[in-house]
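One chain is shown next in C-alpha cells, namely the form predicted alone.
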C-alpha cells in the first residue's frame, strides 16, 4: 500500500472517530433528567406503608423510562415518618428544591397539613395516594390544600360510613365502642364512623368512646371502658402499629368483641405484628396491583423484588400522572400544576381520574379486608 492511500485511510478513520464521538455525545445530550419526589414514612413505626407506596412510584418510573429512553427520572425520597413534626422539618427543603416538579404524597394527612405551607409557597403540585382527611379539600377549612394539593383516594366522609357498615355486618343489635389516636387523620374519621353508625339498623355507640395518644403502649384504661360498656364491636381509627399492640391486649383481657379499623390499620404488617390476636379483624382499605392485574403484579414482583402493597395502585396512578406530564413537556412547576389540575386519564384500575376544583378525584371506593391465617384478605367493595 502506497503512502497516499495510507494517508487517505488515516484521514477517513480520524473523521469516523470524530463522527462517532459526536454522535455519542449528541445521544447523551438528548437524554434529559427530570425529578419528582415521594414523601411518606420511610422509617419509624409506619415505614411499611411508605415503602410500599414508594416502591410503586419507582416501578412506574422504571416502566416509563423503558418506554421513553430519552427521559431519565430521578426520584427524591422525602422521609417524614408519617409525623407532622418531622414533615415540617423536611418539607422546606423539598419545597425549595426547584428541580422537583411534583410530589407523590405526603402519605398521611397530618404530614400533609404540616407540609402544605412550603409547597404552596413553592407552587409544588402534590398528589397524595392516601391522605383521606376531608378538610384537605375543603375551601372553608384552614387545612385546605388548594391549589397544589390533589389526591387519588376517597375521603373519610366515604370511608367512615363504609367502616361502620363493614364492622357491624352480621352483628345483631351491635354495641359499638369507637376510639382514636388523637391524630389529624383519626379524629375526624372517628366522627364520620359514629355518624355512619347512626344509619346502621340496630347499632348503638356505647361507652362514650376514647381518645388516646398515638404513643400509647398500655391500653388497660381503654379496655376497661370497653368491658364496662358491653361492646360487641370495637372500632379504632388510628394506625396499624398501635392497633397491633391494642388487639393483643384486648384479646389477652378475654374480650371477644369484633375488632375493626380504617385504612390506617390496613397493612399486612398489622397481622404480622399482632399474630393470632388479629384473626377475624375487619379493616377498610384499598388493594394492591394483584387485585387489578395478576400479570402486572407478577412483573412488579420481578422488577422490584417484592410484592406490591398498601396503596400501590394509588401511588402508581399518582406517579404516572406526573410522568405523563413530563412527557407532554410540562417541565416547570407552573406547567405541571396546570397539567395536573386539567388531567383526565385512566387509572390502572380502569376508573377515570379527573380532579375537581378542590383536588378530589371523581371516585373513591373502599374495600373490606379481614385477617385470615395471618393475612389480610379482600372481601370485596363495601356497598
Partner chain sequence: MNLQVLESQFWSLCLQGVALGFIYVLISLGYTMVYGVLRLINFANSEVFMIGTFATVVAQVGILQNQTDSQSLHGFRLIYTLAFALVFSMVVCGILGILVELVAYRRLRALGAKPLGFLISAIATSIVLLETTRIVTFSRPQTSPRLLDKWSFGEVAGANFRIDTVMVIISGVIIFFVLDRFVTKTRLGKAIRAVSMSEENSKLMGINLNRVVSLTFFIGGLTTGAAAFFYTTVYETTQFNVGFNLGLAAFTTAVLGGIGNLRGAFYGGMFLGVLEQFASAILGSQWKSVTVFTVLVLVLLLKPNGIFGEAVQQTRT
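What you see is a predicted model; the values in this text were computed from it and never measured. Numbering follows the first chain given and starts at 1.
Omitted here: the form predicted together with the partner chain. The next part is about that form.
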Quiz item: Looking at 327-335, 37-45, 58-66, 345-353, which lies within 4.5 angstroms of the partner chain in the predicted bound form, counting heavy atoms?
Solution: 37-45
Exercise. Sort through 88, 204, 307, 182 and report the residue having a heavy atom within 4.5 Å of the partner chain in the predicted bound form.
Key: 182
Quiz item: in the predicted bound form, which of the listed residues (228, 172, 99, 256) lies with a heavy atom within 4.5 Å of the partner chain?
Solution: 228
Practice problem: Please check if residue 212 has a heavy atom lying within 4.5 Å of any heavy atom of the partner chain in the predicted bound form. | Solution: yes
Quiz item: Do residue 141 and the partner chain come within 4.5 Å of each other in the predicted bound form, heavy atoms counted?
Solution: no
Practice problem: Please run the contact check for residue 31 against the partner chain in the predicted bound form: heavy atoms, 4.5 angstroms, yes or no? | Solution: no
Quiz item: Do residue 222 and the partner chain share at least one heavy atom pair within 4.5 Å in the predicted bound form?
Solution: yes
Quiz prompt | Every residue of 194, 268 and 371 near the partner chain in the predicted bound form, heavy atom within 4.5 Å | solution = no
Quiz item: Does any residue in 230-255 get within 4.5 Å of the partner chain in the predicted bound form, counting heavy atoms only, and if so which ones?
Solution: 241, 245, 248, 249, 252, 253
